[in-house]
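Before any questions on how it binds or moves, here is one chain, the form predicted alone, in structure tokens.
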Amino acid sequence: MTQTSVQTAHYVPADLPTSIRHFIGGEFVDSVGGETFDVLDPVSNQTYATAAAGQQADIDLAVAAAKDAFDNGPWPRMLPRARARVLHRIADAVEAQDARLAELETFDTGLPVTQALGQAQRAAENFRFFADLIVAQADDTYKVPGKQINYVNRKPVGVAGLITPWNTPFMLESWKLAPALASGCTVVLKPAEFTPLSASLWAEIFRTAGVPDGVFNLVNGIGERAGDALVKHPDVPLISFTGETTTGQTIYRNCAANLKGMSMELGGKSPAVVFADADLDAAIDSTLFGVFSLNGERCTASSRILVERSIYDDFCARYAARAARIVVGDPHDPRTEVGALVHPEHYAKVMGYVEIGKTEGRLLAGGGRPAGLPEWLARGNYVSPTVFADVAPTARIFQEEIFGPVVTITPFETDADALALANGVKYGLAAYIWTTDLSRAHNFAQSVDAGMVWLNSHNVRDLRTPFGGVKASGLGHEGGYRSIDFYTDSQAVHITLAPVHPPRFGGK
């Protein structure tokens, strides 16, 4: 039976805002037309605030402010070291209030507070990393002795449109904000409508750190209105989007009209492949964490576990027993390991897949709401950590992204079987491989359809490496220098060192 935390009342942070506004040109503002939407707390499912709902007019104002700051302001023209100092001050501010950020993020998203705290600290590290990287950035120079010197001049692209998801929103916003600002771009951020609370904190953090007015702009709103207007705006030359694959396809089509630059990190259905020679204890620890941390609401979740037949029964029994002991409860309780899903709409989607799974696999753990929740928690979006075994590769729960605390386990016989199963979905974001055979590890890693592979490890990110997927999991990669590449244009400059003798067209 799933364990529940023992908090006796739902924790509500002090000084919660009752309204969340846009931030445009250095000022907090309401929507031009006064439109708003409700924001829910996922534990009580009650409205705790209203947020300004951005429309075309609000996006127009935000883009105009960002464009003016880019064309006429100091930010793109500052030396990299000067921008880096500002980014370090942003990191300092995030670290100084990490507990408060985690508290608010937990209230807004339902993520366990201990995990939200780690995400806040990672957000600070993202700013430190790109502050250092932009100073260390080196551009290429090519010399043709006695004839020519050619060099690459990097120029910030302009106004960057950033559209971010509702899972770990503050940290994922920092993934885009830090490299965009480090590169000298100005930005318009459109955060996810389910979770606008922590995004609203960026404005004061940036202002206090010395970011000039107009460099950072934020417009809340529904994707079909605010996000769509941002993507289609002619003065926004590039879009960075993290979210669901079908939304990414719509953005792709809309970017095409203006030939915008795009970086899209989309859905995932990542395999964890466990061979018989693996360290089974470590593999079980990792695969449990990989799908049930962050409530299973993570794009890189190892939500399909493929296990070699000779250890399959043992793995399933041990995995299910551990999953049944995961602590579910109030996300503000530090003992909680799985909290409430972000929103009733998403809860209904995940529970729909749980019911489908009961017809497609053997239920080993979970399968519904946790038993024994107190009344004050029972209103929340809770799903027991759910494990299905014997899942066929044609099953919907094998093929489709669930984005919740639900995992499938499928046996395989040979390395070739494992590879076919791993690659047999439309997604290709991450993969996890557990084996002590070095040759197998490398050969399998290089054959699997995934933008990122971890060998004998859970998802430990090195910020210098590319982040992104293949197939339906995205287009382009960010991370390290690839982020700088995305937010800058590379201009080739050629200088002659000798007399030039081109052919004399039209001469005598």
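Note that residue numbering follows the sequence shown and begins at 1. The structure presented is a predicted model; accordingly, all values stated were derived computationally and were not measured.
Although not depicted, the form predicted together with ligand NAD is the subject of the following passage.
With a 4.5 Å cutoff on heavy atoms, residue 401 counts as touching ligand NAD in the predicted complex. Not displayed here, ligand NAD is kept clear of residue 97 by more than 4.5 Å at the level of heavy atoms in the predicted complex. Using a 4.5 angstroms limit between non-hydrogen atoms, residue 312 is distant from ligand NAD in the predicted complex.
In the predicted complex, ligand NAD lies farther than 4.5 Å from every heavy atom of residue 432. The stretch from 234 to 242, 329 to 337, 363 to 371, 81 to 89 that comes within 4.5 Å of ligand NAD in the predicted complex, counting heavy atoms only, is 234 to 242. Every residue of the trio 172, 191 and 251 has some heavy atom no more than 4.5 Å from ligand NAD in the predicted complex. Of the listed positions (204, 345, 140, 224), a single one reaches within 4.5 angstroms of ligand NAD by any non-hydrogen atom in the predicted complex, namely 224. Listed residues 161, 268, 271, 405 were compared with ligand NAD in the predicted complex; 268 is the one with a heavy atom within 4.5 Å. Contacts of stretch 49 to 86 with ligand NAD in the predicted complex, defined by any heavy atom lying within 4.5 Å, are made by none of its residues.
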